[in-house]
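First comes one chain, alone, set out as C-alpha cells in the form predicted alone.
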C-alpha cells in the first residue's frame, strides 16, 4: 500500500474513554429503569449516540416516546462531558505524541475520523488537536460506522484518495467502514476471529509506526 495519510479512530486508539461512556449510559439506564451492563456496553463501541440508545432499548425489549429518547441522549451526553472535563494531557499514552510527530516527519497527513460529537473536546483536553490536518466527527456525518462516511470525509478533507489512506481502528465496525471506503487499515489491539489472517495488527503505537514506515519503504 502507498500510504499518504493516516486516519485515526479516537476512542480506543488515541485515547480511552470507554469507562466514561459506560458510567454515563449506566446512570441514565438506572434512572429509566433499564437493564445495562458492561457486556452490552461493548456493543456500543464506534456507534452513534442515537444508535447506542436504540441498542439499549432493543436489549430491554421496550420502546420509548421520542421526547424521552432525546432526554436520555442529552442527559447521557451531559454526564459524559462532565467525565471528559477531568481529562488532561497526562491521560495520553506516552507513545502517542512521539508517533504522531514521527508520522508527520515522514511526510504523512494525519486525521481523526470519529463518530463522537465530542471528538474536539477530547482532543483539546489531551492537548493534541493541532497535530491533525483534519478532524471529522459525529457532528459532520449522517451515518455512523460501519458506513464509511466518516473516513471518506476525512480522506476528502486531506485531499488524498481513499486508496492512499490507512485507517487505524480498534472496532470491527470501523474495520468494516475502512473496507467499504476502499482504504487500507490496521487493526489496533483487535483480535477477532472474523478478521482475515493477513490483516495488519498493532498492539501499540510503536508497531503502527513500524507498519506504516515499512509500507512507505516498499512503495519507494
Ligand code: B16
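Residue numbers count along the first chain shown, from 1. Source: prediction; values computed, not measured.
There is also a form predicted together with the ligand; it is not shown, and the following applies to it.
In the model of the complex, at least one heavy atom of residue 76 sits within 4.5 Å of a heavy atom of the ligand. Although the partner is absent here, residue 184 is not a contact residue: none of its heavy atoms lies within 4.5 angstroms of the ligand in the model of the complex. A residue is said to contact a partner when one of its heavy atoms sits within 4.5 Å of a partner heavy atom; residue 175 fails this definition for the ligand in the model of the complex, lying far away.
When contacts are judged by a 4.5 Å heavy atom cut-off, residue 45 counts as touching the ligand in the model of the complex.
Considering the ligand in the model of the complex, the lone stretch of 189-197, 31-39, 48-56, 159-167 in range is 48-56 [heavy atom distance within 4.5 Å].
Contacts to the ligand in the model of the complex (heavy atom within 4.5 Å) from stretch 11-26: 11, 21.
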